[in-house]
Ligand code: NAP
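Take a look at this one chain, the form predicted alone, written out in structure tokens.
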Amino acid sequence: MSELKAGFIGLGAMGWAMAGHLKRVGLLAGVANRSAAKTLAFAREFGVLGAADPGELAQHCNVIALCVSADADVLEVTRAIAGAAQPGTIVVDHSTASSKTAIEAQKIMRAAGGDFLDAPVSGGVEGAKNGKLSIMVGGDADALARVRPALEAYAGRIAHLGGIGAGQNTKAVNQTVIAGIMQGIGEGLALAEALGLDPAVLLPTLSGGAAQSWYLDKRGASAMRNEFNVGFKLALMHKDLGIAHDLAAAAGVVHDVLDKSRSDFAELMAQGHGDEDVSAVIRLKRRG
């Protein structure tokens, strides 16, 4: 591939930071976002092209990263890029979607003379801001090698998991594990509150032993303070767990944790907490 000219689509809390890292290393040519106001705000702050739509961005970039919300968005944006892209353009999708969507998107880009990598991320808003995300990549190894300098701008780890869809399947496993961790943390911290334990002493003690986890360190104290505006929205997690559930059911493995977590998040969403962090599951553990 010729010199990388990167674009970024999806300027949410994580996408804004990730695009900023691409600018920092001199690779960012432009951005686009569903909200034109956010596109223009980023373009003015960082001095890059603020494209009106993905097709315009594709005319100026040969690698375009996506960080959008849903499978339908991934396919819609990929089709728009394919319709205007120069041959050899690679789309790197950092969204959480199904592996079936990744396979379809790759077909779209390859028909246009380009390629597509499914590359979901883990590490939260903090990881995006710090440039230390873990990226799980599925797709062609040569395509990954060509875009790796762009990914390195915001990655702490880049792992090639296999062919197209393998990245999204890995993210489904990741979200399943997180769901179980959050169930345990929520119940444990609700029990700690009921027993009158001091969070200032409790949390570092737990983190110093086998109970240590990223979520306990990053979300334990805030959950006990009833602060749930710090991270990944539980409505999005509910969507992700639906993908994981379908994979688990098709594979014939037990999915009790997925079922419980999906039910809990659906209840919280019905109560109006869908925009809160996933640690809000502690709300349900305090009952009784």
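None of these values were measured; they are calculated from a predicted model. All residue numbers are counted from 1 along the displayed sequence.
Keep in mind that the form predicted in complex with the named molecule is not shown, yet the notes after this line are about it.
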Task: Full three-residue contact with the named molecule in the predicted bound form, heavy atom 4.5 Å, for 62, 83 and 164 - done: no
Task: Any non-hydrogen atom of residue 226 within 4.5 angstroms of the named molecule in the predicted bound form - done: no
Open item on the list: Is residue 231 part of the interface with the named molecule in the predicted bound form - any heavy atom within 4.5 Å?
Closed with: yes
- [ ] Considering only heavy atoms, tell me if residue 255 and the named molecule come within 4.5 Å of each other in the predicted bound form.
- [x] no
Task: 4.5 Å heavy atom contact, residue 25 to the named molecule in the predicted bound form - done: no
TODO: Could you check which residue among 109, 92, 189, 77 gets a heavy atom within 4.5 Å of the named molecule in the predicted bound form?
DONE: 77
- [ ] Select, from the options 204-212, 190-198, 145-153, 117-125, the stretch whose residues sit within 4.5 angstroms of the named molecule in the predicted bound form by heavy atom distance.
- [x] 117-125
TODO: For the stretch 51-84, return the residues whose heavy atoms include at least one within 4.5 Å of the named molecule in the predicted bound form, in the order they occur.
DONE: 67, 68, 69, 73, 76, 77
